[in-house]
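First, one chain by itself in structure tokens, the form predicted on its own.
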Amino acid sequence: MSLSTAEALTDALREEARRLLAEGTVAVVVGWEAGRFPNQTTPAFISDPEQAQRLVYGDYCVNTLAKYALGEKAAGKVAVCVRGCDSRGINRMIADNQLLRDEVYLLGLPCSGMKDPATGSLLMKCRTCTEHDAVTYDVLLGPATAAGHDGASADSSAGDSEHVSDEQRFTAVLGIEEMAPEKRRALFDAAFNKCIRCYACRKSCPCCTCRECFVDQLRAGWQGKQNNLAENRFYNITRVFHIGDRCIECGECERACPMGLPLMALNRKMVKDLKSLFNADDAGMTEENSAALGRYDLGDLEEFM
């Protein structure tokens, strides 16, 4: 986005945050603030109206903020800055009974894609984004982008948007599907061998909200603590199936992974198969729980039987 656009959106965000906090409408505002360098931001948690000037919005606001609402809601109503990915994450958590709609106030922001702080190019997760602008919001702080919605009201997802094609969206998946089984196995064995089980993917994912993760249930013997290929493969593939029909494709898992694992290729394989097998809706577009793996329809394909 242009410098003038970023400055205008930042001013609007600060003004709205200051008003909400001063009036007591919300207890905290979750947004972004500047880091040490011009191409760096970090999540910000503002509870004092006088601190609203810390908030910024620009090309390097790379963190998806949705999950931070869970940790802040104990203080009272939480205002969250939302673009397409953030708002879909909020919707997903409402559908999963992790949040109530009344517990959040959504500050909708237009988004044309964020930049990689290391390279200055468009983030990988933004290149195949299907919903740039907020799909649900209480107030919209700027005009929708050409690639985003042209309008929506609170608790709605409306407006025409320019979606990437399925071929673009699933490019990585299609490439992997075309591989010979041995080559595909070698690709993911190499990836899982690098996994250090830091669980950054789990921590950053708006769909990973279990009070106790299966990997921490030691008595049940689900997952050992050994860091080896078998255990790492079990963790990553089990997690993919766990969030498969709820993944909002925000890409935070892959962005947060310090080892560069191709996590979104795995997630999007599930998304692609669910769309083809069950005509599954994209997750997080509304607050309704439309998880394809949680319902049964007589018209579902049963090729495995």
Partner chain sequence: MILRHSSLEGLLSTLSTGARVYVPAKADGVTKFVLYSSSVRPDFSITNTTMPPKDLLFPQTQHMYRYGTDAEGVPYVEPVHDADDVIVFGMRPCDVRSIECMDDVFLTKGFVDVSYQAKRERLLMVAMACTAPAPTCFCNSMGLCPTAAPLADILLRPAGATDASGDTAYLVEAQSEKGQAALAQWESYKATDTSDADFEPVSAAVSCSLKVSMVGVKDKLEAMFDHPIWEQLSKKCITCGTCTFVCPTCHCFDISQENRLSEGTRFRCWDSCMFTAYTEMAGGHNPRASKSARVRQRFMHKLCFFEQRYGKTLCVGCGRCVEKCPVALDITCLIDQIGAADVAY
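Only a predicted model underlies this, so the values are computations on that prediction, with no experimental measurement involved. Residue numbers count along the first chain shown, from 1.
Absent from the display: the form predicted together with the partner chain. The rest refers to it.
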Would Pro49 sit within 4.5 Å of the partner chain in the model of the complex, counting heavy atoms only?
-> no
Taking heavy atoms and a 4.5 Å cut-off, does Arg197 contact the partner chain in the model of the complex?
-> yes
Any chance Glu103 has a heavy atom within 4.5 Å of the partner chain in the model of the complex?
-> no
With the cut-off set at 4.5 Å between non-hydrogen atoms, does Ala74 touch the partner chain in the model of the complex?
-> no
Within 4.5 Å of the partner chain in the model of the complex, all of Arg14, Trp32 and Tyr60 (non-hydrogen atom) | no
Which one, 130 to 138, 186 to 194, 82 to 90, 104 to 112, holds residues whose non-hydrogen atoms are within 4.5 Å of the partner chain in the model of the complex?
-> 186 to 194
Counting only heavy atoms, which residues in 39 to 66 are within 4.5 Å of the partner chain in the model of the complex?
-> Gln40, Thr41, Thr42, Pro43, Phe45, Asn63
